[in-house]
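Single chain ahead, written as structure tokens, the form predicted alone.
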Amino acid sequence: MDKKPKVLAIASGGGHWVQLLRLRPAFEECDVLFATTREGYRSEVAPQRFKLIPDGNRWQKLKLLKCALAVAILIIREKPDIIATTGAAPGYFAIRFGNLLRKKTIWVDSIANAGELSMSGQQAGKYTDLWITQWEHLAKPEGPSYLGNVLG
């Protein structure tokens, strides 16, 4: 029997998490570990594995550093084959560390970013194997690609 690919599905809370959960059908044949910044989301993915990571943003430098460190440790310990994220900071760090460790990486920019790509998405894009926008008019030949959205 073939080994199931290990997927780290990671996102910050709120809309990023909701969108990540809408991608669950894509992970049906995988061994998935969900990681996010809010403990209350654990029950939403049970019985699949769940890891809590610290939250942080660009205005909270120390928390951002803790988030980055926790994501790096998670990737080193779990050794996922694929890292998939809908953002924001935890996803960005996962993409960067995943890229350094030669993991397959997928960034799906938030549907909330209709006018332009998110700051995290703009920065993470060049480190991904698959870089996706959910708005057709934001797609470019050099990336990101438009493949649909989580609502449609």
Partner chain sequence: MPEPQTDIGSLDAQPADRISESGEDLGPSEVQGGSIRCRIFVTVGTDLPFDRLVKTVDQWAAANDEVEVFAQIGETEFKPKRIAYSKLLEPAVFKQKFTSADLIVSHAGMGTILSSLQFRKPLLVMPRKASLGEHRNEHQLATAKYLTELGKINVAADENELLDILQNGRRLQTRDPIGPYADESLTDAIKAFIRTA
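Residue numbers count along the first chain shown, from 1. Computed from a predicted model, the values in this text were never measured in an experiment.
A second form of this protein, the form predicted together with the partner chain, is not displayed here; the remarks below concern that form.
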item: Location of the partner chain contact in the model of the complex, chosen stretch of 91-99, 64-72, 33-41, 46-54 [non-hydrogen atom, 4.5 Å]; value: 33-41
item: Exercise: Leu21 in contact with the partner chain in the model of the complex, heavy atom 4.5 Å; value: yes
item: Ala139, heavy atom within 4.5 angstroms of the partner chain in the model of the complex; value: no
item: Interface membership of Gly143, the partner chain in the model of the complex, 4.5 Å heavy atom rule; value: no
item: Partner contact for Ala124 in the model of the complex: the partner chain, 4.5 angstroms, heavy atom; value: no
item: The partner chain in the model of the complex - contacting residues of 118-147, heavy atom within 4.5 Å; value: Asp129, Leu130, Ile132, Trp135, His137, Leu147
